[in-house]
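Following this are structure 1 and structure 2, which are two forms of one protein chain, each written alone as structure tokens.
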Structure 1
């Protein structure tokens, strides 16, 4: 463990560097702790030897190392008290009873991304089941298929059917509701293929066109990404990456990779911090995430930012958002 003075110095350096990514020199530490420059330099050298600080080539100042951040999060950081404005903004969303949970989470992520300037993600565990299918005619050749799941989620899919018979469409929907209601959404397409397709011709004359339309609609819903990402391009605004186009391109490409983003999924219900090499996005980023469970609807909330992240504020925001969701 570090001495009290070393703890103070490391904490100050990390908090200063989180504001502006410029190496922190001994003078700013001296002014805040009212100790001599020689003492500060000696303590900074010890922290560097331990591996908690690093010296850059362009300055006599120091920057936190990955291990320094980990020590700070585990031993020095205290969650920052949220502002009344931040709490009110999130509370207002969840008090709006016209919003389903997924919409409330999406709007909350927009707010958190804006106030932190980081990327915010929600990964839903899609284990919902089909509750009901409805169709609404839009025009002679178009209709809207409405899919309702058992957890209250509603999806709309526009279907183009030229020269279709509304009575045959009604029969198709009736057959779907009779035979596959209760099926997990991810298995609906398979059940259509093996249980509906072999018998639909017995009930519906123009069955191929109608069947294919519904099969494609359900396939789209199955393949629809259960991930919401807000502030993906916030990475472009980070000063440490502003002159590194290759780094930005690499990170953005990973944000666009569904397999990489899906692996952010969290199993632990606590607020967990993955710094640098601990996450699978990039060694220069931090991922803070948690799992939520609201009336059986589960998912992962994550905030992605630089290693010099404002950890205390992000942890508080994520914890508060989790509590808002689980109170629903």
Structure 2
């Protein structure tokens, strides 16, 4: 159990370090607390023993450790009051009734990324079902196969059509629509293989091509995560990476991974914070994420920033955005 003064010192160090990423010395703290630097040093030594602070070398100031941040997030941090302006900006978006939920979220994340200078992500994890399938002839020998899901995602595949009969294709499409509309997207390929294929094989000669086209369109749909990322490059401007080309390259590669958010440990109902090594992106980064559920539309919001991020501010922003979404 930490004393009041220890809590206070830890909090000051974390907040100071979040402004300027340079080890914090005892002097800058004692100025604020009206105690001598020696006393502060003694307390810092204890905080280091417990494991909440670290030194970069014997005579350096202190830097918060991962556990220090954890303790701060769980015990010391108070969610920051949001500014009226930020609240207003987000509210306005959600009051615009012509915006669909996913578009509103996207716009909000853009704003959040802009005001925090961190990266903001929305990952929709809806169980979507097949809504409709159709074909549009484009030219003599090109055809477009279109697949639509009930949450509004569209995938398409162009097909080369030489020697195929348009009428046969129409029949196939009709069949697919009749038999597998309503099926959850990730069961569609299977159903296509075992239920549709045998049937079309029977009375449609040249069905291979059209069958494959739809098969491919379906697997594209299944594999495509519905993730939007705002301010992707913001993170590269952080001081911690300013002179570290290798780290920048590493992070860029991580950011290209579609599973960047979903591969982090599962979140519970609240706002979840994954500090440093707790996320598998980078030890100098923190990911804050939370789930939302608005009348069946489910997803995950995430913000990626430096380990020394403005925890209180980000948590409030995310919390507020979540409430906007769920109030919809």
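Positions refer to the first chain, counted from 1. Quick caveat, the model's predicted, so the values are computed rather than measured. C-alpha atoms forming the largest set that superposes within 1.5 Å between two forms make up the rigid core.
Comparing the two isolated copies of the chain, the second one is the form predicted in complex with a further copy of the same chain. If you fit the rigid core between structure 1 and structure 2, you'll see the Cα of residue 179 move by 2 angstroms or more.
Relative to the superposed rigid core, residue 188 undergoes a CA displacement of at least 2 Å between structure 1 and structure 2. After superposition on the rigid core, displacement of the C-alpha of residue 298 between structure 1 and structure 2 stays below 2 Å. Relative to the superposed core, residue 170 has its Cα moved 9.6 Å between structure 1 and structure 2.
Its Cα shifted by 4.4 Å, residue 267 is compared between structure 1 and structure 2 on a rigid core fit.
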